[in-house]
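So this first bit is one chain, no partners, the form predicted alone, shown in structure tokens.
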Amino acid sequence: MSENTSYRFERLPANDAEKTVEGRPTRESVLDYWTERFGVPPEVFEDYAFWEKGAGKIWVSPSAVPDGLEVESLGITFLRTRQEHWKPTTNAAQRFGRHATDCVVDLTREEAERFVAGEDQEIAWDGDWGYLIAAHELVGEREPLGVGLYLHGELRSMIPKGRQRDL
């Protein structure tokens, strides 16, 4: 098996049979995660490629991007996978979260304001614990705000500090 590199983007293998780096997720496992956890159909990601740079930092970009580019950044950060529970990024939740049908918590205006400010709050939720997509209705549409961690009746905002806003 090859080793992971922290300075180069490497396209995720399609499946376990193509895997050459121990611990590297596959495109299939990433799509399975988004489908099983959030109900996002795999077709949503048909035109995208997934990349790993560093251990478990998954990025997504248009699939037309060729391999072997020496770049600092590629697409958007998408998922953290080398921890006990995979964690979608705020970018991924905001970009693809509108396709989610599961593990989406709809917040009231007041709750949404507290969430984007980075506050943790008590929320009634009868779904799974773990990482959720927090959303709020804007102009009649569900708009994903970001990722929250729901544990023991509390929704913890995972909005990065630099992106938190007081509204």
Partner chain sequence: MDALERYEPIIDDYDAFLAACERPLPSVVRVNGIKADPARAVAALEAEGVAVTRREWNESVLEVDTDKPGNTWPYFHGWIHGQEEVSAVPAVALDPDPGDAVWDTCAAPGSKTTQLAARLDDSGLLVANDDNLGRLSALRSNAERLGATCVAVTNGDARRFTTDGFGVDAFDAVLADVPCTCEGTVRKNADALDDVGREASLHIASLQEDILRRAVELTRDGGHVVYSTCTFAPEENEAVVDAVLAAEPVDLVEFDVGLEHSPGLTEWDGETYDESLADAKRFYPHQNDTGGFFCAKLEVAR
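Positions refer to the first chain, counted from 1. Everything numeric here is computed off the predicted structure, so don't read it as measured data.
Keep in mind that the form predicted together with the partner chain is not shown, yet the notes after this line are about it.
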property: Within 4.5 Å of the partner chain in the predicted complex, all of Thr26, Asp102 and Val105 (non-hydrogen atom); result: no
property: Arg37, heavy atom within 4.5 angstroms of the partner chain in the predicted complex; result: no
property: In the predicted complex, Thr81 touching the partner chain (heavy atom, 4.5 Å); result: no
property: Val44: touches the partner chain in the predicted complex, heavy atom cutoff 4.5 angstroms; result: no
property: Ala124, heavy atom within 4.5 angstroms of the partner chain in the predicted complex; result: no
property: The single option of Leu145, Leu155, Leu12, Met158 touching the partner chain in the predicted complex, heavy atom within 4.5 Å; result: Leu145
property: Those residues of 57-78 which, in the predicted complex, come within 4.5 Å of the partner chain by heavy atom; result: Trp59, Val60, Ser61, Pro62, Val65, Pro66, Leu69, Val71, Glu72, Ser73, Leu74, Gly75, Ile76, Thr77
